[in-house]
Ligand SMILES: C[S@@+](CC[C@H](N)C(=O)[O-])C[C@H]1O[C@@H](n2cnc3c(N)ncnc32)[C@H](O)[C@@H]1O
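Just the one chain here, the form predicted on its own, laid out as structure tokens.
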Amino acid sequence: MFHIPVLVDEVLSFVKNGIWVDTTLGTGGHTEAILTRFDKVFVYGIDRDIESLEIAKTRLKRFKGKIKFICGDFRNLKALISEPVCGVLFDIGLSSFQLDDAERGFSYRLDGPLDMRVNRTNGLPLQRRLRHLTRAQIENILRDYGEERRARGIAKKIYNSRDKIETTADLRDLVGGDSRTLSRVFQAFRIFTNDELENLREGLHTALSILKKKGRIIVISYHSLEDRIVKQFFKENSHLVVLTKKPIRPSEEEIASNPRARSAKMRVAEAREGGRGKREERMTNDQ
């Protein structure tokens, strides 16, 4: 049931004692590792998936008094957290708990309702949203969020049959193609359904607004669109010092034991001690 967190040792190498926010608590893997390693850490654990949050509460019950659980969206961090913090962690990918639940509709490998909402109490499932999209909108979703070269042809198929698409199998069979094409299509619709890229942009800005001087932002992303946003935000923000010149990747050993870690990239930045100035970079091994 518990999701296996990625890059745990690498995350821990940038954590220090103080108040932290795990903006994507999931089932609690990274927070469990942080609270186990550090005696003087308090964590605000945030997730918009109520079901994952309930699992995390069970997993982390032994840390009573060291964690506060919050159901919410990390784009609203400033409203959710009322005090300065020394670190903010983002793990942007879906958990195994979510991916392996056919009822959630995230995977083309599993047959289930075409839902794709992270929080199933908000908004409409994808199967209903498709019926209100134009062919051009579907094409743009596939091209912009899935980087799918066959976006026009696939969009035409989906548009012409959008009233009949109810399940993941319906969409999978309609799109056809190999696993890479299906992965891009399902990724694109998941990002669209949950407004993931705009969430990330806003989340990074709000994280910086609650960060103490010398506080750190750690971001683990899983595809190029997310990583590009993080890299650009760190590069262009004069209040941050980049601590990872290149993204940190999982070891071959970790990938062998957890194949879903394969595409993970981690970037870390630290809030400047004071004032604006020329951007600096430090190699990871300087820590």
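Residue numbers run from 1 along the displayed sequence. These figures come from a predicted structure and were not determined experimentally.
Keep in mind the form predicted in complex with this ligand is missing from the figure; the text below concerns it.
Although the partner is absent here, residue 49 lies within 4.5 Å of this ligand in the predicted complex, judged by heavy atoms. In the predicted complex, no heavy atom of residue 153 sits within 4.5 Å of this ligand. In the predicted complex, none of the heavy atoms of residue 107 sits within 4.5 Å of a heavy atom of this ligand. Interface membership of residue 98, defined by any non-hydrogen atom within 4.5 Å of this ligand in the predicted complex, is confirmed. In short, of 26-34, 61-69, 232-240, 246-254 it is 26-34 that has heavy atoms within 4.5 Å of this ligand in the predicted complex.
94 is the sole member of 81, 94, 114, 188 with a non-hydrogen atom lying within 4.5 angstroms of this ligand in the predicted complex. Contact with this ligand in the predicted complex, defined as a heavy atom within 4.5 Å, holds for exactly one of 118, 130, 86, 141, namely 118. For the partner-free chain shown, just 199 of 189-213 comes within 4.5 angstroms of this ligand in the predicted complex, judged by any non-hydrogen atom.
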